[in-house]
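Single chain ahead, written as structure tokens, the form predicted alone.
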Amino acid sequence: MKPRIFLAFVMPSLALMALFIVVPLVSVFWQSFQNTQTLFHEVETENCTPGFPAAICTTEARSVPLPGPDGKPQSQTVFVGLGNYRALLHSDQVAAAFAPGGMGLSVFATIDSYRALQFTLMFTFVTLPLVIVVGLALALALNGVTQMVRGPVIFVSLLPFIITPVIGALSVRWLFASDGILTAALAHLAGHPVSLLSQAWTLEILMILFNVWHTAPFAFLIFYAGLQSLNQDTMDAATVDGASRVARLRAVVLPHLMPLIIFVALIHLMDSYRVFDEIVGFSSQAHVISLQWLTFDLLTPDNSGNRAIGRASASSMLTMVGIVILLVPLIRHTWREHRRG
């Protein structure tokens, strides 16, 4: 293909990527070194109530946003360098905790950033093998049934993946709420009231199970498509040689599906590290938070109307750095296999 034709095909995609990915990324990176705050000024208001022989008046001073020439509140942007990162990571508090006489690792349980990081990593590394194993098991099971039932089974298996994550999480939460159907059933079996949404560990189990239920169909679809290109002659030869089902799976099927397993792992790592829908759907903010929810919380206006845009940008950049760190080993493995091939 001529370079001119190649550029004609590639340039529209590169332009859109630069417009919708590179430019916002550079903007967020720059905002992470700044603090933007709304300017306020004191305003005295006099409130009077009827009285005898004269009205009773009181003067109250309150802070209100300072309006600009256009009538909108004015804001001030200050360059703070790494201040937002230090505030987000609580570097002073962590340094004091590991100083002589400090609290050590127990301090991480009291800092939102590290609580969010702990749950995000646990959620990512627990759901990843479960999604791959469940998806692979479904694909192998479906590949062994007759052609007549494959269509309906594929349709039913893909239903969880079609449902919007927030809607699915809300539905599961309603089932396990205090007056939910499954909660009533569990309470009847246990003989005492059951509350699965009022403690962290049960919420984490529910969110992990929901994520596997929602994401495994994607892995199943990818693996099932890969099984259709499996060399049947190789499988027949392994069967004739007396290889067991487990041996054929280990020596023939898994090596054939390994590129797809790595692909599913890459996609799932990026998605699960940005876990947010489960936090919102299960309303677990009081017990469990994630890095993505922490960024959302920083962007929520406080009582004075200010938003911590600088710290939210720093949180986004740190989240992206974490995703890159998780993906590097898989990308390096893929690159080595590509060069070896």
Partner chain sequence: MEPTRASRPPLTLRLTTIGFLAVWMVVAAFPLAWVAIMSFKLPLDAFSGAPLTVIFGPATLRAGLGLSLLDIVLYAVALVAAWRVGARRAARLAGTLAPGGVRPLGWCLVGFLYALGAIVVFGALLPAVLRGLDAALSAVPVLDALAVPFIGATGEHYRAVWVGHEFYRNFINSLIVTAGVVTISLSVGTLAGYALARTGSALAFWLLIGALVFRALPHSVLVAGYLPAFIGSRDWLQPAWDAPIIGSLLHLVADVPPTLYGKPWAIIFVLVSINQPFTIWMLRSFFRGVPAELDEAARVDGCSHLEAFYRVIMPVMWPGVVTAGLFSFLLAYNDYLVCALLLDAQSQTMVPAITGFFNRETTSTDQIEAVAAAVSITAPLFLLVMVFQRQIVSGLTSGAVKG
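Residue numbers count along the first chain shown, from 1. Small disclaimer: the values here were computed from a predicted structure and weren't measured.
From this point on, the text means the form predicted in complex with its partner chain, which you will not see here.
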Residue-level question: is Gly83 within 4.5 Å of its partner chain in the predicted bound form, judged on heavy atoms? no
Is Asn306 close enough to touch its partner chain in the predicted bound form, meaning at least one heavy atom pair within 4.5 Å? no
Quick one: is Ser157 in contact with its partner chain in the predicted bound form, heavy atoms, 4.5 Å cut-off? yes
With the partner left out of view, is Pro329 within 4.5 angstroms of its partner chain in the predicted bound form by any non-hydrogen atom? no
Partner-free chain; cross-checking its partner chain in the predicted bound form, the single residue of Val166, Met103, Ile262, Leu249 with a heavy atom within 4.5 Å is Val166
Could you check which residue among Ile208, Leu197, Leu221, Val94 gets a heavy atom within 4.5 Å of its partner chain in the predicted bound form? Leu221
Could you tell me if all three of Leu25, Leu142 and Arg173 have a heavy atom no more than 4.5 Å from its partner chain in the predicted bound form? yes
Quick check for you: of 265-273, 199-207, 85-93, 115-123, which stretch puts a non-hydrogen atom within 4.5 Å of its partner chain in the predicted bound form? 265-273
Quick one: name the residues from 174-192 with any non-hydrogen atom within 4.5 angstroms of its partner chain in the predicted bound form. Trp174, Leu175, Asp179, Ile181, Leu182, Ala184
